[in-house]
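Starting off, we have a lone chain in the form predicted alone, written out as structure tokens.
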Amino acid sequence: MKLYIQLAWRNLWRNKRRTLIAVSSVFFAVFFSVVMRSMQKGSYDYMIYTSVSTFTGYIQVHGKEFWDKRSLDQSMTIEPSIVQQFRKIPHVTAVVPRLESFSLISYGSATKVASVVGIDPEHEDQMTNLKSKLTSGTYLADTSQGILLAEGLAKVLKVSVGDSIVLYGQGFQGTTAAALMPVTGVVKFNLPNLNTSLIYISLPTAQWLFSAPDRITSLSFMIDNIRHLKSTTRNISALTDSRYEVMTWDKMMPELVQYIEADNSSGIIMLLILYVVIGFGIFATVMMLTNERIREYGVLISVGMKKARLIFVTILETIFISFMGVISGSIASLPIIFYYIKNPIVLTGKTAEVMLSFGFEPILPFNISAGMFLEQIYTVLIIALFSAIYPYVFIRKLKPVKALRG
């Protein structure tokens, strides 16, 4: 084996220029594909994180049929001891209880329908950084009797901190939910839909308002890394029974999943184009390596070298060219990726405005994973093996006498 490797390596450098050109074609294709995939996957992870940390969490536990009906009648009770067990599950960073419903809110002559969310202020802030979104007033406490109002909603109602608004809706099992509550703070969301429709109150106040003592509509979970989603979901499901439903972010936000899949498809098309370039580069090199060595092959076969061993050496040459390009391209991409992981690309102009309107910070973050590099190795290896079909067929059919005559 060592002899064959030495022969293959020396054969490559008999024509250094040709070999370097072939390696360069693989190098640039791998370099650009790794950087592009890093940017794509970084953007996807960022969009997912931003979306789940805004409200839903990576995983959510709620009562059966609540997600479809969104009714307080599908709310649930969970023992505090179970919630504590949830918080001890590996990779879980936050468990956020909520009681959600809808109410009419009014101030003066202005009336609007809003989503009223009862929260545990401390745990809610761990997940959504709600306190940092405060633009005026004070943040909620567990015993707060007031409300946090979304900035857009405050403008529609023309209210400010200190004003009191009327909430009127339906509570648990058809009871009336009505109260006059002061505005203690105003919060601002980048996403327009949230900024014009959300009201936060403390969880005990919400349970009193909606006549739902000790009840919640959902438990939202944040985890330290999306790679642990499946294992964490299994651990959470093991602590629940048939009264509850465990949903992951992709089931709760199918629109985001569809967008990522569509964008990923376009990225794969670009990668295919790059790999076509790689394929032609490797195949052309292999063809030249084979055709210009007809006499050499004829001599080697004539003196007793088996065709199988000759084919094996030629395949090794193809693999060496491919892997030199893959390894050098991957190494060259690392400084670029690490730089942009620390310093994401900041978008400006109309693109930034569009991203802000969807609630995303106008940046292009990067990401890195072993899978990105393994994809390049597997793909280029497959291309190299397909390219090796040509010398295999050529040498198999080669007649030593004709080869020696040229």
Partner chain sequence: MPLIELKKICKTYSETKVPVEALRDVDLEIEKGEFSAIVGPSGSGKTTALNIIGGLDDPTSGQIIVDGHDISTLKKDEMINFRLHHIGFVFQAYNLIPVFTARENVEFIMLLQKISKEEREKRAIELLTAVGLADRIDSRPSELSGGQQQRVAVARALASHPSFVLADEPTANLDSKSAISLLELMEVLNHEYGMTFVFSTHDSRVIKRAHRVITLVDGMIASDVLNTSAHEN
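On a predicted model such as this, the values are computed, not experimentally measured, just so you know. Residue numbers count along the first chain shown, from 1.
Not on display, but discussed next: the form predicted together with the partner chain.
Note on contacts: among E296, D263, D73, D163, the single residue with a heavy atom within 4.5 Å of the partner chain in the predicted complex is E296. Scanning V156, M305, M253, I331 against the partner chain in the predicted complex with a 4.5 Å heavy atom cut-off leaves one residue, M305. From the list 88-96, 305-313, 115-123, 216-224, the contact stretch for the partner chain in the predicted complex under a 4.5 Å heavy atom rule is 305-313.
Residue contact with the partner chain in the predicted complex: R10 places a heavy atom within 4.5 Å of it. Of the heavy atoms in L300, some are within 4.5 Å of the partner chain in the predicted complex.
The closest non-hydrogen atom of R14 lies within 4.5 Å of the partner chain in the predicted complex.
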